[in-house]
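There is one chain below, alone, in structure tokens, taken in the form predicted on its own.
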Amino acid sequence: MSGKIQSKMFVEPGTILDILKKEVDNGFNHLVTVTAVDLKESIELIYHLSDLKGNIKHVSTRIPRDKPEIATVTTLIPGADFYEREITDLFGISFYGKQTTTGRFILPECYPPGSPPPLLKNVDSNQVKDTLAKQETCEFKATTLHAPLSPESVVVPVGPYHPAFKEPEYFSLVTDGERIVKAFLRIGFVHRGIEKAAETRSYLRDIFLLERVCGICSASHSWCFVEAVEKLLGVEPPSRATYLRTIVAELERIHSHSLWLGLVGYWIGFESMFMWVWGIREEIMNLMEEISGNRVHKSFVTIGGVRRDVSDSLLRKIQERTKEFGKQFENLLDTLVSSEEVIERTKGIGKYDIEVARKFCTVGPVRRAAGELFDVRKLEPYGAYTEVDFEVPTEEEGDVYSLIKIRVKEVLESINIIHQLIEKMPSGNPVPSRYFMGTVPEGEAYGRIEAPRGELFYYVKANNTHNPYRVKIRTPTLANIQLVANILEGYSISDFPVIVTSIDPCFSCMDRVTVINSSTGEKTVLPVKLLKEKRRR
């Protein structure tokens, strides 16, 4: 379960690689993430490591602010690459010894090179916004090869806006004919500075802010943050509240997996599957609206409990409707596993093995599709998961077809969990007598839960004030997206949308747009505000 960080292993910066190698050899071979914290006189880096038994270690080192550099650990853990590049952009720390390409990762290219990184404590977020607003253009630089692999190789740009994406993203695909021989990825188009914003709001207001990280698994984000804050406060929510949180989390899992299955059907040309799944998914959305009052951002979880109770009559309704939903989904499972169209377009596509999955620190269904039972609900149980019996499906093949089978089975298992929780629902009041508005004592804690896309991690540092000193978020997509860029190689361009969608990526929304003058070819990136002004004219 999530917990207060009582102890950290402090090491010298020069020994970080050797120390991590010892921990990896001891079984702590999953790098959850790397957290940077500006301590004003130095910058602390915390490497959060986990094993397959639910144990977690925090290895800390401090580097001077005036010389922010440290050796990369990607030679030991390749999956650390995106975590380090994120820190480079947001804290200005240089990781020497990296083999991968450099350049902007999260920040836009127009962020002035001489400006301090935005997550340092002395940087005012309003100044950052003003600085970016003054930039006339903010065209991004695509990462690709410096020279063609062969005279026949061609670079195919995909994105940031493309029909193959439900959200903005950019890939440079180096192709030889129809075959992808190399893929480069540029992310950050939807970065909204939520971690910085969280430092300026109270803990209660942060719950509403952080659930907006994702419109699909919003309750997972608020729950994960609240878990960490409750550990810092020493608060134990009522049993009924933990049961209700777990029910909402499993409804969210059903909603998320159903949405994903519909999208996969769309990309493989099985549009009736898309409409079928999204049609029955409405029942789950309606239930969440009846529970919380909202279909998307539920605002259900709060510090010390939940914001509203759920009546016994509504619980029975949830039981009946999910039972009916399960019957329809079982029919879907029969269709999926026997459909030649689905099998032909997904079996053996986007294939990887468990070693590759571990190498890139993947999480959730992506990890389980390669055969490893990696599920925080089992590894480090939280909520009411210790009160129910459930299975975590795994597959061995590690391809898109395996991911479909796993997610369909997980939907049925979520229904099983919900029914057990309703039968065992304890009595009592799950709503706090008053919402938490106080200060949080100095300390550090982490939240770690199994969101629909996989392990979600929050780090919270408190300093005895009303606002958190630091909030770090590691979403499942950042852990899984590195895998995609590597497994694309060797597949055809037509497989590209299916493989990218297979990890269920979430990039949220963005507020930039590129305008191209067709006569001159000039490109200009406009903020939404300016775009609206132009439309009014």
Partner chain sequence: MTSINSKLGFRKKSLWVYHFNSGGCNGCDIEFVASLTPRFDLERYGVQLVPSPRHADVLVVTGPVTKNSEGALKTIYDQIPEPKIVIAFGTCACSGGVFNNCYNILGGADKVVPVDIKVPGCPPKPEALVELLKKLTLGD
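Positions refer to the first chain, counted from 1. Since the structure is predicted, the reported quantities are computational estimates derived from the model, not experimental observations.
Separately, the form predicted in complex with its partner chain exists; it is not shown, and the next lines address it.
K.L.:
Find out whether any non-hydrogen atom of residue 125 is located within 4.5 angstroms of its partner chain in the predicted complex, and reply yes or no.
P.N.:
Taking the distances in the predicted complex, the answer for residue 125 is yes, it comes within 4.5 Å of its partner chain.
K.L.:
Please determine whether residue 289 contacts its partner chain in the predicted complex, using a 4.5 Å cut-off between heavy atoms.
P.N.:
Flag for residue 289 set to yes.
K.L.:
Please tell me whether any heavy atom belonging to residue 193 falls inside 4.5 Å of a heavy atom of its partner chain, as the geometry stands in the predicted complex.
P.N.:
Residue 193: yes, in contact with its partner chain in the predicted complex.
K.L.:
Should residue 275 be classed as touching its partner chain in the predicted complex when contacts are defined as heavy atoms within 4.5 Å?
P.N.:
Looking in the predicted complex, residue contacts with its partner chain include residue 275, since a heavy atom lies within 4.5 Å.
K.L.:
Pick from 372, 283, 387, 399: which has a non-hydrogen atom within 4.5 Å of its partner chain in the predicted complex?
P.N.:
Of 372, 283, 387, 399, the residue with a heavy atom within 4.5 Å of its partner chain in the predicted complex is 283.
K.L.:
Sort through 331, 465, 135, 427 and report the residue having a heavy atom within 4.5 Å of its partner chain in the predicted complex.
P.N.:
Only one option qualifies, and that one is 135.
K.L.:
Among 416-424, 337-345, 211-219, 237-245, mark the stretch whose residues have heavy atoms within 4.5 Å of its partner chain in the predicted complex.
P.N.:
Checking each option against the 4.5 Å cut-off leaves 211-219.
K.L.:
Pick out the residues of 285-307 whose heavy atoms come within 4.5 Å of its partner chain in the predicted complex.
P.N.:
Counting only heavy atoms within 4.5 Å of its partner chain in the predicted complex, the contacting residues of 285-307 are 285, 286, 289, 294, 295, 296, 297.
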